[in-house]
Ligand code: ATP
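Have a look below at one chain only, the form predicted on its own, in structure tokens format.
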């Protein structure tokens, strides 16, 4: 295992398109860092820079204290002790599973090696070494690609959108299996995703990128509850942005007074971030003294929770409760703040 340190990495293509602009991230040995961001933000390019598949214009990459990329020095990919799983898995269709897994091993071990069997056992594919990739399910092919990456026993594992080619029905299952495997292996991992759920489930820490720059790095709960920017607040989950008059550590909003996570100097017009699960909702007539009255415009039940779209003073708010629906379209309800503290953002001029 080795820690990974990326410092002030910049990369342009054709001398014009800036894909990475002074990016710095770090992941401790044995931890998993998720690189999260929209398409085109530079996250895959950053992964390829770490792997040595792209040479940056500036910056350094260090793994386990060994500088692999710096001005005037680039260690080739095959000498970095890095395993990589590509987005399309990149299995060789003419080689069986065992030969695919052994491809990254020393030449004399590629056809037969205890490492091949060990890697296949780890990913739950023991006994399938003689199968051809085309005879496997999508989830099994994904695990073959992972077995190939871990067979050489790398110090760092890189995953590029590892679940994007799986059907929705398989994605959550395979994600959990891979999560358990990464915990068991304890290998330092960096993986790329545009899916907030994947980043939050697998990442010990999450680095969010936009337009080639790091917006925020932190634990998943920190990113979700205390996003650094208004854009990030909306990117990582459903968000209600509510106009407020703030002073000190509280703000007055249309759903009542809410406590702020950080004080506001003087009196200011701001927007506060209220997540849907931080709003309570009950039918009118239940706890009538609590909350303000609103009308239910839409109900979305997905089994484990219900989301209500409610209108209050001309504003639409999303409310999420972990229960079956207790209200229907057109019902009157009382809503109120039921969270801890909220993040605020300056009102745009």
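The structure displayed is predicted, hence computed values, not measured ones. Numbering follows the first chain given and starts at 1.
The protein also exists as the form predicted together with the named molecule; that form is not presented, and the subsequent description refers to it.
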Next on the checklist: Taking the named molecule as it sits in the predicted complex, is residue 222 in contact with it (heavy atom to heavy atom, 4.5 Å or less)?
Outcome noted: no
Checklist entry - Taking heavy atoms only, is residue 56 within 4.5 angstroms of the named molecule in the predicted complex? => result no
Checklist entry - Do residue 65 and the named molecule come within 4.5 Å of each other in the predicted complex, heavy atoms counted? => result no
Next on the checklist: If we define contact as a non-hydrogen atom of the residue within 4.5 angstroms of the partner, is residue 327 a contact of the named molecule in the predicted complex?
Outcome noted: no
Checklist entry - Pick from 22-30, 277-285, 66-74, 41-49: which stretch has non-hydrogen atoms within 4.5 Å of the named molecule in the predicted complex? => result 41-49
Item to check | Of 177, 109, 118, 161, the one that lies within 4.5 Å of the named molecule in the predicted complex (heavy atoms) | outcome: 161
Checklist entry - Quick one: which residues from 216-230 get a non-hydrogen atom within 4.5 Å of the named molecule in the predicted complex? => result none
